[in-house]
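Shown here is one chain on its own, the form predicted alone, set out as structure tokens.
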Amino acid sequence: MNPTTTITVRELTKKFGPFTAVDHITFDVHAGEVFGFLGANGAGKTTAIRILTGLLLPTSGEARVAGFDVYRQPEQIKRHIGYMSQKFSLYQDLTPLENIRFFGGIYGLSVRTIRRKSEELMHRLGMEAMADRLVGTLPLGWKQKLAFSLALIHEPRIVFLDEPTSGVDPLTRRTFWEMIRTEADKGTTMFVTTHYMDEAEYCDRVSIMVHGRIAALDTPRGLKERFGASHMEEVFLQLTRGGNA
């Protein structure tokens, strides 16, 4: 595995009985890259992500994440990645500080480190005044920023972001993508799924899955040139509607 490559996938396949959810996909993702992993509902991207995050074993093929094998080392993978889901992995009946302490403990951080990171996070996010409020009472945008920060609290090499901006306003989405880019510039790999095609423009490279296979993979500019499109929405529609592939 190349030291600058954080995810390596070769002919990865997952079958559920006669149904093939992921069909011989191959790609690499590099350190510090914002990698967009797109596809319509049922295209297979969620199954692929579950394999890459150590939650599901593949049927065949190869994959290594942060240097660890998905077959033999799923627990090591889980310790070296961050994950933020569409539903924001926060405990609603805990305060932001309590969530920070809880997740810091799960990732094995020392009490001293958790205390330091708690202060840093609350200050960086501008959430000092909300430190003792229940997360369930916070606006969606604040929950999103906190969940993203918690996915990074143990300084993972790779962060998986599963539709992280779903349901938030355009201004908050832009701010969130600025946070993603900042972390990528520090060398962290950002593996992002999104239904917003304009967000694909923020990615360094984009893959688009159709019926379990990767139908296209390139930079946003390269994809638009290849498909004669002015924006990523056109590329996506051409591929998912059975057009030029």
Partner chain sequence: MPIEADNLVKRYGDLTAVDRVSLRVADGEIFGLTGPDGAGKSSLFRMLTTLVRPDEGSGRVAGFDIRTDYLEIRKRIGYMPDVFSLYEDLSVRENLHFFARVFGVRVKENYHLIREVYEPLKPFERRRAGKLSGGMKQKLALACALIHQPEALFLDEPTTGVDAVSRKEFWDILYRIRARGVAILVATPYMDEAARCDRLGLMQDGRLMVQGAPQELIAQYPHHLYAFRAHQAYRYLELLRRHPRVHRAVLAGEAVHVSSLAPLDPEDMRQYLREAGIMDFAFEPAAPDIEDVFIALVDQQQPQTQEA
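Numbering follows the first chain given and starts at 1. Quick caveat: nothing in here was measured; it's all calculated off a predicted structure.
What follows is about the form predicted together with its partner chain, which we do not show.
Taken together, F37, E75 and L121 are entirely out of contact with its partner chain in the model of the complex: none brings a heavy atom within 4.5 Å. Comment: its partner chain is not present in this chain, but in the model of the complex one of R101, R173, K117, H80 has a heavy atom within 4.5 Å of it, namely R173.
The partner is absent here, but in the model of the complex a heavy atom of R181, alone among R50, H30, R181, H211, sits within 4.5 Å of its partner chain. Contact check for D169: a heavy atom falls within 4.5 Å of its partner chain in the model of the complex.
In the model of the complex, its partner chain sits beyond 4.5 Å of every heavy atom of A216. Not displayed here, its partner chain is approached by L140 to within 4.5 Å at the level of heavy atoms in the model of the complex. Looking at T8, you'd find every heavy atom of it more than 4.5 angstroms from its partner chain in the model of the complex. Contact with its partner chain, judged by heavy atoms within 4.5 Å in the model of the complex, is confined among 141-149, 91-99, 106-114, 154-162 to 141-149. Contacts between stretch 182-204 and its partner chain, counted in the model of the complex as any heavy atom lying within 4.5 Å, involve D185, H195, Y196, M197, D198, E201, Y202, listed in sequence order.
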